[in-house]
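A lone chain, given as structure tokens: the form predicted alone.
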């Protein structure tokens, strides 16, 4: 069964985490932040060491450990009864991060919508990330050079993910608005997305 998924997309500092956490409080929506999952790993674990190595330089973790971490995390959510694949929709924040990851995940998720939280002013993103580093003690957001490398990595590698999905699934959201207005724009779209009927995949396979 493919997992139903909504993708939150945008440059670092665009507000994906803020919106994802709010949406994850709505029944039948489950938020998963790739960055938070990596930061919650033990730094002395194999995946934790890989994350620190790349994040400290503002670079993306390679595809194989990223997909491995995502798959393990989703299995944990299912096993802990925090995600029901038959009725819930995943809110994915920070994955897929490049076209290859999008290709790998084609067989794993059914993308219902992509929200591109865009912020045309680069300096505004830098300021947001610096404030976040101070508030949340996020070392990968603390250094301006690392921040600019992350934004360049997004421009060079991650932005191309938008081309992997049909235009009709992609919704442009102005992230320079107040967070409540950003949320309102997202919810307007979510209310129009049809949910999968329970057992639909099983019924199709029985035909």
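This one's a predicted model, so the numbers in the text were calculated from it and none came from an experiment. Positions refer to the first chain, counted from 1.
In what follows, reference is made to the form predicted together with a small molecule, a form of this protein that is not presented.
Open item on the list: I have 20, 177 and 179 flagged as a candidate spot, so tell me whether each of them has a non-hydrogen atom within 4.5 Å of the small molecule in the model of the complex.
Closed with: Per the other structure, none of 20, 177 and 179 touch the small molecule.
TODO: Have a look at 61-69, 167-175, 22-30, 40-48 and name the one stretch with heavy atoms inside 4.5 Å of the small molecule in the model of the complex.
DONE: So the stretch in question is 61-69.
TODO: Examine residue 101 and determine whether its closest non-hydrogen atom to the small molecule in the model of the complex is within 4.5 angstroms.
DONE: Yes - in the model of the complex, heavy atoms of residue 101 and the small molecule come within 4.5 Å of each other.
Task: 4.5 Å heavy atom contact, residue 95 and the small molecule in the model of the complex - done: Residue 95: yes, in contact with the small molecule in the model of the complex.
- [ ] Consider residue 161 of the chain shown here, and say whether it contacts the small molecule in the model of the complex, taking contact as heavy atoms within 4.5 Å.
- [x] Although the small molecule is absent here, residue 161 would stay clear of it in the model of the complex, with no heavy atoms inside 4.5 Å.
TODO: Report yes if any heavy atom of residue 132 sits within 4.5 Å of a heavy atom of the small molecule in the model of the complex; otherwise report no.
DONE: Close contact exists here: in the model of the complex, residue 132 approaches the small molecule to within 4.5 Å, heavy atoms only.
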